[in-house]
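In structure tokens, the next block holds one chain alone, the form predicted alone.
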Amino acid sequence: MPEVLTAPLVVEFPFTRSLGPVQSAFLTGLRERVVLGVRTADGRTLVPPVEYDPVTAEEIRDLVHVGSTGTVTTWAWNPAPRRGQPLDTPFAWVLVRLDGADTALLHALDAPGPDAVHSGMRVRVRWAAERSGAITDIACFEPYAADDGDDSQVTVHAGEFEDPVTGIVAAARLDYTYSPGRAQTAFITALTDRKLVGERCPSCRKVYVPPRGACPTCGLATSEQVEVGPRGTVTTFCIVNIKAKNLDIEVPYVYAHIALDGADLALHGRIGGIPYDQVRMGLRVEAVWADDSRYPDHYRPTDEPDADYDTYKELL
């Protein structure tokens, strides 16, 4: 067996969210160097604000301007900042109860070391030089002493601003090291020779491709390799009408489940070489490899008659 493969993998996509009136006021306020909370029916002030009372579930809209100074309630030291975090030097994650608030806000505290941080310490907001209406408008918190001057203020606020922020786009990203395991390493290695290889269950004798290293029905380990395809049958499909970012394929196109000859599990692939509205269940197809590809670029129709439904109905 070849060495089990590993590779870095990044999953990233932009997440777009529209804002209700409370969150819109909160983020717009940060742009204007104002921190807003929301007051509940029992008189508590929540920062960051929410649109519904966490106790009664009633809608709440009464905005309150709280201070930009506050008290650390608890903290944890971060010795190795990661990409995208508020500071690029070691810092503390802190929960800060701002003056006038009854709940704590999570953010970073710029401190020289863990010995300089403690619960109960006084801190204040350090505003970002450029602000756009996001939580990052608070660059971080910094230690604060009474003789530095108190710029906190706690007042009722209408939450009305010019050009309010109505939506945000946040990048969701996962960075991790992926290992496909023994079975899929063998599958990927076989692709180098343009072979599609599955594994057979020693009990039910079904062949699974791509292999997972165990039979999903019997629960037994699989190791016997079986070459399948390169031809197969479209069992079911969908028509894609939305163009994906960084994918150079014109829409509409068809993505299908394909039962390769000799396999007992359908895999998915793109169908090409035929108008999208002529793709059908039972269509016989074959793998097409690009010159520099280690995986079939797409599947195209063969000249064979369509497969009978009974031959693939268990693989839908």
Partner chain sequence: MTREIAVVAFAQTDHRRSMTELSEVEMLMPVLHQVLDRTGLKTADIDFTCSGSSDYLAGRAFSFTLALDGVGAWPPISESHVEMDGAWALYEAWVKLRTGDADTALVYSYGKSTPGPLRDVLTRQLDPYYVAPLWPDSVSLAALQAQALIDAGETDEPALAAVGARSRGADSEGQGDYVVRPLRRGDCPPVGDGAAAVILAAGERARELCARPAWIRGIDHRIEAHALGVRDLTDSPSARLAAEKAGVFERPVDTAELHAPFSSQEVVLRKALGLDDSVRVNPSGGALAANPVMAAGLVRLGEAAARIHRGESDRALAHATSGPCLQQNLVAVLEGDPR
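Residue numbers count along the first chain shown, from 1. Fair warning: this is a prediction, and the values are worked out from it, not measured in the lab.
The same protein also has a form predicted in complex with the partner chain, omitted here; what follows describes it.
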Problem - Segment that reaches the partner chain in the predicted complex - one of 226-234, 111-119, 124-132, 189-197, heavy atoms within 4.5 Å - result: 111-119
Handout entry: Ile271: touches the partner chain in the predicted complex, heavy atom cutoff 4.5 angstroms
Key = no
Exercise for the section: Answer for Asp175 alone: is it within 4.5 Å of the partner chain in the predicted complex, judged on heavy atom distances? Expected result: yes
Problem - Contact label in the predicted complex: Gly67 to the partner chain, heavy atom within 4.5 Å - result: no
Practice task
Answer for Val165 alone: is it within 4.5 Å of the partner chain in the predicted complex, judged on heavy atom distances?
Solution key: no
Exercise for the section: Assess the spot marked by Gly262, Ser293 and Tyr309: is the partner chain within 4.5 Å of a heavy atom from every one of these residues in the predicted complex? Expected result: no
Handout entry: Neighbours of the partner chain in the predicted complex among 88-118 [non-hydrogen atom within 4.5 angstroms]
Key = Trp93, Val94, Leu95, Thr103, Ala104, Leu106, His107, Pro114, Asp115
